[in-house]
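The chain below stands alone, shown as structure tokens; this is the form predicted alone.
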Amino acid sequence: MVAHNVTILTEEVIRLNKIMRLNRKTHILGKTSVNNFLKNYWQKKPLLIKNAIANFVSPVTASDLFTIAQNEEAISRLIEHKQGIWQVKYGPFKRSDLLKKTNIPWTILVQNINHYLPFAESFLNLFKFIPYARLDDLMISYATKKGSVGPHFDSYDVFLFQAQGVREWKISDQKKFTLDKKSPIKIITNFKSKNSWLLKPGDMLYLPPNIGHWGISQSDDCLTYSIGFRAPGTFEIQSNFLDFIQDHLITNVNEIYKDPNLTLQKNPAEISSNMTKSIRGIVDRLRWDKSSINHFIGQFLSEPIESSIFEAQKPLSLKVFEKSLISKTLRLNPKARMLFIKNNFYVNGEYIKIDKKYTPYLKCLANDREISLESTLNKKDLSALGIILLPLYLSGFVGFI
């Protein structure tokens, strides 16, 4: 089994890690400003960006991707098109299985690469103009020549960054699609291409939700980075909120049902109008306030993906932890999600209660995903921050570099 954190220690990774970390505000939208993009393109229409990163050389290789695909915790898929039929297999995969495939075009896709490679997490920093609450993950796909996942559409926004090789992207402006009922993946059968572009290393394509697209590799070394975004559905939000309020109901004393004025009914099996009126009144007394809804939103949006596993750290005294706080950099686990609403903080679906005085430190950790405290911090404040951060450390949500 492959280790939980696969770190590719090549000179190229180290070099690009430094570049990305030193230039977190690097503009990746070409000649399009962030304000222009958000106003005119985000969730509205596609945008092709040539040379989003000039002279880009991918530090992630096909071999690296194969290594991660062997991990039992990784989410990976292998897609082939055999005799007119789209086929999909799910990982983990054996490395030998992938290397043997030479006759039929194929594609392997691995999600949440930012959970495994430091470079991938740094790469996502280039998209900080979109709120973290919407950012999902970095998926990387490798395809042999003519490899593809077929014509399809996504229900979320996506940036498709060409990291290596060449890929042709065909885009449709259709409003209605017919899907192949026999295919295990969502394949459009009536796809009609409106535009077609060849993307080379450093080029990027943005697609809003529900835009039909078809990417076909034009080389045997095609690597594409897909930056996906979270888009929970109405049913998901509502059902999760109903689960949430069960534990956070604001109601009166829990009294049992009463009917002291009960009268004889002609039909004993009938639910009377008096009973329905009484129970409706009980339901109508259900209450939740703005604060309750905000807590739900913070906890819901900060929930990590289901497959995320956080390894608890060995017990550590507060005093030892405080010493590390002022001598080392504390960083969020790549799998962790930390968000805030005003002065309320949420980490991996948990509400973190803190004194308002320390919100600047927590906001720094949430925004930059790491924090370095000054050694001049007074003893009282250092202790208070230690009390806040130590439980996160012991849970594996944060760690020292």
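A quick note: this is a predicted structure, and the numbers were derived from the prediction, not measured. Numbering starts at 1 and follows the sequence shown.
Beyond what is shown, the protein has a form predicted together with a small molecule; the following relates to that form.
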query: Heavy atom of K146 within 4.5 Å of the small molecule in the predicted bound form; finding: no
query: Proximity of L160 to the small molecule in the predicted bound form, heavy atoms at 4.5 Å; finding: yes
query: is_contact(L117, the small molecule) in the predicted bound form, heavy atom dist at most 4.5 Å; finding: no
query: Residue contact check: M139 to the small molecule in the predicted bound form, 4.5 Å heavy atom; finding: yes
query: Which of 308 to 316, 81 to 89, 218 to 226, 260 to 268 lines the interface with the small molecule in the predicted bound form (heavy atom within 4.5 Å); finding: 218 to 226
query: Contact residue in the predicted bound form, from R331, R230, K170, H152 (heavy atom within 4.5 Å of the small molecule); finding: H152
query: Candidate from I113, L199, L109, L325 lying within 4.5 Å of the small molecule in the predicted bound form - any heavy atom; finding: L109
